[in-house]
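Alright, two takes on the same chain below, each alone as structure tokens: structure 1 and structure 2.
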Structure 1
């Protein structure tokens, strides 16, 4: 009992901050989702579950859900494959490998606004690096308005998200590979395993936990993406890059429908919780260590 009293000063500031500026707002978010508040007027009406019904029917909301999935799948696929391949090549501790790993990590520490500006420039249809390079190697037909074409804009942005975080995912795989005991690989080599067999039979089973972490981390990170999409396209053209988080932002701060935006937030929370629960399951079943 006395001990608990002695520990109270350690707990109090953190707990107070957390309850006032995190828990309380989260709970009021639920409450706002049941009202028709516009975010500005002092009064609003309680409308029950109306927002939940109308949001579920909203075409733009549905579109942003589909876009979110497209964005997430693209990012996870590209990131996982690329980062694994790079990690396999760069896992050995040598000065050169460490330098490459550091270089590939650099985009991770840049802000999404910076990354967004950099790539808006790279994607620029007339002045940008990408179309310029395609032209210079005779692939004129492949040039595109990468962010202006509603059919591919979401993929263009997803590629940038992947670009920014492959280095980070690679580091996770490198840690996983370095944890594999060297004797295992040596003895498989002595038994005459070729590199392919070595990877499939020996390394992959031991890398499964690292892969689970990379896939789930990248899933959640890309599902929550906001800054990059907001900076590069703002959801356009014609809602083709609208994802859930930009939908929430736009309906709250552009259209002043706070109630509806709160409802979309709750839907978002439910989805992300589902993904997180699945992630914990995946991690728990085949996790070796951290």
Structure 2
């Protein structure tokens, strides 16, 4: 106990930053969510839970929530599966694998705004690279207005979000694979395990902690994907790519309903906390010992 007390001064700077940068803004946001503040005027009125009721009934908010869940599920599924497959292929140490790892990691270091502008040109229905490639291989019927079609626009943006961070997730899985003792793998092979059995019964249980991190990180990133969505579609067409972050931005800075934006932020915080807890429970690392 005395030792912990002596450590408190060393924890103080970090604790102070946490209180200032997270706790205070969260409490302030909750307070504004109970008012009708427009973000500019010096006065505001306390409205209780009215913002929570009106936001929950808002059709655009409901649509942004559904879009965000579609976006999140697509990103998490594509990123987890693709990064795991790449990690299994590139985990062995060799110059060629290191070069490919670096190649797949390059999109991660690009800014989301740059990625958004690049893929806006790729998706261009008339001059875009994607439709051009489909036409060149005889798949002209598959060409689309990828960002202008309300039915697929959210999936088109989600694919870009997944592409941009696959390399980052791959590195996490590579680290997990390289941490698996070779003796376990060799023993399983000597016992006659085929590649599928080797992965399911030996490697996957040991990769559970890395998988939990990848899924949770992908989820948080997909909910924070404001700049990419805003750059590529701005939430359109017809709110088909409106997600919670763009809804909050539009409420606060376009419609000047700061109290309502704060309410949506609180909903956002609760939702992402709930999803993260459920994911960690589903991918509990203590299953490794089962």
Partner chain sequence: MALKWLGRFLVLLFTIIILAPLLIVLFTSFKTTPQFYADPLGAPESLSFHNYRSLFEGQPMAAYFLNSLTVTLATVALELLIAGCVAYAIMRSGRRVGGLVFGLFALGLMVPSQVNMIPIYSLIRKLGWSNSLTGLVLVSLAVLLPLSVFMLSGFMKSLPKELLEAGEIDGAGEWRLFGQIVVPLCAPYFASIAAFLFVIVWNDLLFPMLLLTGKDKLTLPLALLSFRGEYVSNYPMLLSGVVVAALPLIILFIFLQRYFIHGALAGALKG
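Positions refer to the first chain, counted from 1. Everything numeric here is computed off the predicted structure, so don't read it as measured data. Heads up, when I say rigid core I mean the largest set of C-alphas that superpose within 1.5 Å between the two forms.
- Item | Correct structure when looking for the form predicted together with its partner chain | The form predicted together with its partner chain is shown as structure 1.
- Message: Given a core-based superposition, decide whether the C-alpha of residue 230 shifts by 2 Å or more between structures 1 and 2.
- Response: Residue 230 C-alpha, core-superposed: shift of less than 2 Å.
- Post core alignment: residue 27 C-alpha displaced by 2 Å or more between structures 1 and 2: It does shift by 2 Å or more.
- Is it true that residue 239 shifts between structures 1 and 2 by 2 Å or more at the Cα, once the core is aligned? Residue 239: C-alpha displaced by less than 2 Å between structures 1 and 2.
- Let me know the CA shift of residue 16 between structures 1 and 2 in Å, rounded to one decimal, core fitted. For residue 16, the C-alpha ends up 6.5 Å from its position in the other form.
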